[in-house]
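Just one chain follows, in the form predicted on its own, and it is written as structure tokens.
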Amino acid sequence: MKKFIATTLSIGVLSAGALLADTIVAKKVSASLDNIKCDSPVWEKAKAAEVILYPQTTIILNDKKANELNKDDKAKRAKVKALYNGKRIAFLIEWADGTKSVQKGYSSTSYADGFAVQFTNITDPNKLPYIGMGNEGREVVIHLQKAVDKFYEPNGNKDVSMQVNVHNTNNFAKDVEKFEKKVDSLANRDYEKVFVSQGFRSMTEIKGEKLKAKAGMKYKDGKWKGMVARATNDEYLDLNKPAIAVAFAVWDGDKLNRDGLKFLSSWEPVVLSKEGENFAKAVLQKVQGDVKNGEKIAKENCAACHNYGKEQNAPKFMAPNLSNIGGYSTAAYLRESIVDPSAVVVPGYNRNAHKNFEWYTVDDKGHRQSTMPPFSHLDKKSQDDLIAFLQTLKAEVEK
């Protein structure tokens, strides 16, 4: 905790009250969370905190129509509640979406509304993983839920013979009805997956009863509610701490959202006990600097490779787009990216990109090395000014 306090005091932050005003505080309850749902009465015990989800624009999706639909996206407001009982922890996220998009199993051009909750074991606010996918040595666990119609996929039951068109079977009359009922009973109606990840293209699905996770979605009156409940301690995570860091993402299927085209929060501290407040302050801190000077430094040092805000003159795929970097990045992540860009490397190649625009090389040990040079030569004030400016790079929040 001393490290957290020192970090907070050394960079000049907002007052503690302002920082913690809308922090997620997990409400401890005695009730079982094993079978909790989106509309369970126990959620009334928890206080909702506002979380802002920003359009993820670091990497451009290779889909012209989707990019057009999302080019003027504003940030979304979400409300988050948290409960825990010592054995399990649960999160409820609610956000507005005027169109209910449910993925159909027979369509390859429709996409689902969905949400994800991301967890990490790391409690050093200066070393939180890359938001969205984690990074090498700093893994994350991601719970993903999508709104789906019934769909069929290999499920380990060896029932592929039931997945053929009924007209390609020898069933007639009442046997057709029996066959279709049997097929319907085999359908999946819950797209709920959990992954562990240490960076782009490293996502590995976690399966098995030992995970003991539960998720769900419910749509009503133009709003989605999404719920995730999981064990506080398993072989992947130990969340029995005074405070933890969690991130949230939502997808809008009507706007062809999928993969990296989504709305994403920064790491949000979740306080489980009074002792966790210092961690929360350190995660939420904002660097106080000269924004105007920071903009000048960015133009001199960043604009040749990165597009952001009004500076959109760099080659399109030269480097990650920074237009919303201030929305879903912590101050510590921004500082690390400036002084040690190889600590977290976002590949994100687009197949339309020129081969000269490689974002990284790979060393003899297989580690990615960023082609961006470290800017550790910048003095402390210049770094603070640059970070203060980068923090302003984020979309307007919808009303």
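The first residue of the sequence shown is number 1, and the count goes up from there. Please read all numbers here as calculations on a predicted model, not as lab measurements.
Beyond the structure shown, there is the form predicted in complex with a small molecule, which is absent from this document and is the topic of what follows.
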property: All of 306, 337 and 345 with a heavy atom within 4.5 Å of the small molecule in the predicted bound form; result: yes
property: Option touching the small molecule, based on a heavy atom within 4.5 Å in the predicted bound form, out of 320, 269, 327, 129; result: 320
property: Contact assignment for the small molecule in the predicted bound form, among 69, 372, 38, 33, heavy atom within 4.5 Å; result: 372
property: Residue 390: touches the small molecule in the predicted bound form, heavy atom cutoff 4.5 angstroms; result: yes
property: The small molecule contact at residue 302 in the predicted bound form, heavy atom, 4.5 Å; result: yes
property: Contact of residue 359 with the small molecule in the predicted bound form (heavy atom, 4.5 Å); result: yes
property: Interface membership of residue 54, the small molecule in the predicted bound form, 4.5 Å heavy atom rule; result: no
property: Location of the small molecule contact in the predicted bound form, chosen stretch of 39-47, 364-372, 60-68, 24-32 [non-hydrogen atom, 4.5 Å]; result: 364-372
